[in-house]
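We give structure tokens for two forms of one protein chain below, kept apart as structure 1 and structure 2.
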Structure 1
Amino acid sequence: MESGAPLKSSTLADSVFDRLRTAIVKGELPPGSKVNEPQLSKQYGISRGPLREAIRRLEGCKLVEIKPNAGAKVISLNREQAIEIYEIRESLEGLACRLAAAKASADDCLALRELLAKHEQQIESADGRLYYQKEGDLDFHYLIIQLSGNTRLFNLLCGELYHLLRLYRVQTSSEPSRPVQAFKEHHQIVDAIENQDAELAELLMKRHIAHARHALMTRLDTDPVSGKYQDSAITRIKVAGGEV
């Protein structure tokens, strides 16, 4: 019986961690907002212990900042940090795409096509305004990295920093015309992988991420002092969410 209690606490912490992480990535917990422990404890019906464990894990994912005597706050999007993240993405995801083109099977390419078909239905239902990819196997980029067959590369891009990457990606989803354009770029990338053109696959992925970076910079440069950019972006993300 005694060994069952820690497991229950850990399971609760896992569940709350997943829910809070999703809320942060989708903008339901806005950047810079204080993580209100009493409120969240009541909302999720859990004690403060598992909640604090979940918050510490979110700090490890770089999604919250914990300061002595100030508590935890959701990270704020920072232009300089965003540029660094996208520089890393462009280089490493380009490499992953090159490797995927050399290793992906016909079935792998079919799975990518089927995923994009689901994404197309979502984009159409949102009238081309949003392109939200869920995590893991429902994420086009995640699958490409997985197909690279490089474990260290996968761990770098899809480990604890994965959701920090998604936090930045989600901000570009509601830029005018970006969702439809991103979808077309995804199809071009699959074409290159299917043709085993590693050089072109890498180039297209790097160009795709560069386009997403430009869209994000455009948003971050919109009234960066007052924060009106963040408020309007979060309002749209709360409706349905999105990322590329």
Structure 2
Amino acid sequence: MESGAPLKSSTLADSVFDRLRTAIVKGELPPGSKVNEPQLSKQYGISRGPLREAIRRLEGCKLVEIKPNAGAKVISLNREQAIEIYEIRESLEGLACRLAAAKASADDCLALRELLAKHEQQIESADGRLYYQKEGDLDFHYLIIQLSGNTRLFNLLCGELYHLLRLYRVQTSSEPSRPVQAFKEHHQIVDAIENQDAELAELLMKRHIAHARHALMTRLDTDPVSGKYQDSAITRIKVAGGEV
């Protein structure tokens, strides 16, 4: 009977950890902003104890920085740090793709093909708006990482780096970019996986992510709204939605 509501974490610290992490990656808690314990405890209707535990867990995930006697602040990613993350992601997703190519079964390849077909429909149907990149791209990468069979790699990429990238995307107010080209590259990657060509699959995935990185960087150069985001006025705005 009570299995119908598994969403609510049984402990308050876990629950507020999820809510805080979501608030951070969605930008409701802007990068660089202070994490005010009394305010958040009132906002979430809990005591400061579980809240502090959740913040400490966020610190372990590197989503906030805590200075003694000064409180926690949401991390703020600058351009250099985004490059660092993309370098790591390029290397690790290349690894994941190589592993996936080496051990992918026929059913796995079929699932990849179906995913690509679904994305193609979405590209054709959504005229111009291109819902594709935001969810579809992640689905594709997630599936390949899952196929790699390396659980820790999956947690690292999809659990930690993913949140950091989401945080950066919300900073740069990114829109989908180069979806058609990305779609072609996805097909190439699946071809390599189907042929069990592990080396080629790794190379193509690394190049695919390098392309995405360059697209992001050139957009950062043309769109100067982000980049030197931290310590600017926009980081000091009050957190919205404080009434609930």
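Numbering for residues begins at 1 and runs along the sequence of structure 1. Throughout, rigid core stands for the largest set of C-alpha atoms superposing within 1.5 Å between the two forms. Model, not experiment: these values are computed from the prediction.
Structures 1 and 2, same chain in two forms; the form predicted on its own is found in structure 1. Taking 2 Å as the criterion, residue 113 does not count as shifted between structure 1 and structure 2: its C-alpha moves by less than this amount when the rigid core is aligned. When the rigid core is held fixed, the Cα atom of residue 73 travels 2 angstroms or more between structure 1 and structure 2. Residue 46 shows a C-alpha shift of 2 Å or greater between structure 1 and structure 2 [criterion: core-superposed Cα displacement of 2 Å]. Taking the core as the reference frame, the CA atom of residue 22 shifts 7.5 angstrom between structure 1 and structure 2.
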